[in-house]
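Next up is one chain by itself, shown in structure tokens, the form predicted alone.
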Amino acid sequence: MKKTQKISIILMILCIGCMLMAGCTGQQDTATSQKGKITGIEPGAGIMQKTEDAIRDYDLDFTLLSSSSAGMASELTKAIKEERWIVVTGWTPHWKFARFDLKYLDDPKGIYGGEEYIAALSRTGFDTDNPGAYEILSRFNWSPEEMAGVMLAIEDGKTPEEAAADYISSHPDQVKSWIGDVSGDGEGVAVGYVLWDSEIASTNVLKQVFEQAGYTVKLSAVDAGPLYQAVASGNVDCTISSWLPTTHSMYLEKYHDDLVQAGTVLRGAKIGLVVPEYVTIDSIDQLNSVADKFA
């Protein structure tokens, strides 16, 4: 046998051995590194950062999966239909609490904070450049139940525009209190928002309120970090997607010098980890004991 043939055979044997060893190692890794999964939303969302903090501070044997608001809701819906265990990043108001029996896991370390509120923010100077629109922005306020109703209508098949129009037509006195005697006369307003179901609902209602007052409205959907930057830099005039004091605290701290808190859109909001009611644990610090059920 030629020397080159011997070398080729030796290399082939070594390659096969490496493949077999890799296969064995992979099987061992799969068997020993079984972790639970938390289904999240967009990577830039404040609730995702809080969940990373929760994984660290509770020493959870879990992986956080990035998705989107719609993707999270889809995975939750499928899991409930199949009666599988699932844990998701959740917030209130959201239509899922009207559709399914869900519960927040207790958070003894307080990672997700307490009750939240949703604030209306504007760029500096918006109140003097467009005082009428700023007045409407500062007065726009509704309840979690009212917001959830619009979200549920969208989930049931209406477009955000249709759901917002239905809400406005059925709440004329409330809309009148928001608008007051303001007249926009075709002036433009740029509104930014994040693609959460709650913010899609509220921002489309605000858009039609502005339009009823005579304004021309441009909507821009971006992730939370870029949204704060856009308002602070004046690329958009305002937003009603600011979750405080916990969820978006990092963004408000970064850009607060160039932002104005115009009003409070909603009180009684909440964020945290959410599971179906049939899941038999009640606290985040119990997750590791059943991590395999969330694989």
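Residue positions are given as counts along the sequence shown, with the first one as 1. The structure presented is a predicted model; accordingly, all values stated were derived computationally and were not measured.
Form predicted together with a small molecule: not shown, discussed below.
Site residues Ala79, Val88 and Phe294 are none of them in contact with the small molecule in the model of the complex, judged by any heavy atom within 4.5 Å. Proximity of Ile38 to the small molecule in the model of the complex falls outside the 4.5 Å heavy atom cutoff. At the 4.5 Å threshold, heavy atoms of Trp196 reach the small molecule in the model of the complex. Contact annotation for Ile271: at least one heavy atom lies within 4.5 Å of the small molecule in the model of the complex. Contact between Leu259 and the small molecule in the model of the complex is not found at the 4.5 Å heavy atom cutoff.
Comment: 244-252 is the region of 244-252, 231-239, 260-268, 52-60 lying near the small molecule in the model of the complex, near meaning a non-hydrogen atom within 4.5 Å.
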